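Each of the two blocks below gives one form of the same protein chain as structure tokens; they are labelled structure 1 and structure 2.
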Structure 1
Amino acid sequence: MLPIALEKMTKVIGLIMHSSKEYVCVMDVHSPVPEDRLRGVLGEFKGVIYQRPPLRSSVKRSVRRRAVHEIELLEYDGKLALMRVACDAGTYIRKLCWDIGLVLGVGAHMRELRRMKTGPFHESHGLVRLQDLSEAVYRWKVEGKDDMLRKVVMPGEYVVCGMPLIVLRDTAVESIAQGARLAAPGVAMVSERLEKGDKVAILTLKGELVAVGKAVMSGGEIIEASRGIVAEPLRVVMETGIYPRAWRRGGIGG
């Protein structure tokens, strides 16, 4: 699975690049080992592991720590092991298989890899094949019907699933789209769990993503505050000019 953000949403897709991942992988074990022993060794790789990125990689090759949250053996036939691995972003599964082979003492390597989950997105949300996309575009451009295109492309707002939210009053939207900091009177709703310092998705009442910001106050504080800055924008997504300008020259909009 590869989440691809279009145009405006490219500004926030990076936020999920560094989120946890889930894979299903096929590992080739070079000599048969008892299944119990394989399960035992896999268990040893759960937790924090150390990896040096492989030669063919696009990052600096210094040893780094990565957490393997879950590693589960789904099937083993004495040669091929089907495993589900949930881990931090930047964990090399090929390296993991190699190291499992070393601990087993018989050697192993990765045969196939499929990503099931990136950040909030899971394979079960329905994946789009390249031919689905090109058929949908054909139907839109040649037949003038955008129904299929609206199915294969989803609103980019879903990228922020899992992030706490601030929902803006209409009058505050344009100032945030222009990059201003958000003041308390501009807030319509806020996630109860929002903590100071959290990354927060800033939405309109219609659900449009205006920006991703950093909270300066907690959810409870924002509800109580009658003035003051509540969040600073980190990445602005919405273009300017969609919502009306509702503040006086020289002042910050409420």
Structure 2
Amino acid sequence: MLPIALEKMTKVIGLIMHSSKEYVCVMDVHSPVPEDRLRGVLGEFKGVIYQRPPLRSSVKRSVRRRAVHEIELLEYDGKLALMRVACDAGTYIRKLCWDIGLVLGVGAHMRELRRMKTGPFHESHGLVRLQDLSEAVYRWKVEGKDDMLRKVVMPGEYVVCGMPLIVLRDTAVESIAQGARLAAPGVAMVSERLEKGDKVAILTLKGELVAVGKAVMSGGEIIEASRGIVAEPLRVVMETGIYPRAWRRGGIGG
């Protein structure tokens, strides 16, 4: 599972790199252990763990905290263990297998790995093979038909579908597209779960992604506010000139 962004959506694809992941892996246990013993050790790795990246890694080898949200043993034949792991971004499954082997006292290493989920994207929905993409592009370029291309290219708004939202009034869209800060009068709706300092997806009433920003107020404060800056844009996606401009640059007005 490798999400690829096109055109302006490359500005927000970095959000996926830092989102949660889900893997299926095959762990090779160096000496047989009872299944109940293996399940018990796997349970010890659920929650916050400490990892030092392996020698063959492109990051600094300092100890880091990562959360393992789920770890499930799917199959086990006494030597090979098929596991499903849901975890924070930056968790090394290869190192996780190694550490499990240490706790078992027999050693273990990762034999195979497949990433099933990255952020909101899962291989069970919308997964496209390179062959499918090649055929869709060929049909578009040679036959001038984009029906297959529309099936393999997903709206960029999928990237932010798991984030808290701020929905803009139409009069505020152009100012945000030009990089202005968002003031309270420009907000039509907001997620109540939004906390101050959170990254937030800023959308139009039609559900179009305008920008990704940082909340200056919580969702509850934004609902009560009649003035003041509520969010700072971090990455602007929408082109200017699509909506009429009604605010002065800087987020003042409404």
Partner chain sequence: MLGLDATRLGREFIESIGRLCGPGEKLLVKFDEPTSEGYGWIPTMRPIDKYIQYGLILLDKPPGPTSHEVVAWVKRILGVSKAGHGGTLEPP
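Owing to the predicted nature of the structure, the values given are computational and were not obtained by experimental measurement. Sequence positions of structure 1, starting at 1, serve as the residue numbers. So that the term is clear: the rigid core is the largest set of C-alpha atoms that superpose within 1.5 Å between two forms.
- Between structure 1 and structure 2, which should be identified as the form predicted alone? Of the two forms shown, it is structure 2 that corresponds to the form predicted alone, while structure 1 does not.
- Message: Taking the rigid core as the reference frame, tell me whether residue 86 has a CA displacement of 2 angstroms or more between structures 1 and 2.
- Response: No, because once the rigid core is superposed, the C-alpha of residue 86 moves less than 2 Å between structures 1 and 2.
- Query: So, does residue 12 move by 2 Å or more at the CA between structures 1 and 2, with the core held fixed?
  - Reply: No, its C-alpha moves less than 2 Å.
- If you line up the core, does residue 228 shift 2 angstroms or more at its C-alpha between structures 1 and 2? True for residue 228: a C-alpha shift of 2 Å or more.
- Any chance you could measure the C-alpha shift of residue 170 between structures 1 and 2 with the core superposed, in Å? Its alpha carbon moves by 2.5 Å.
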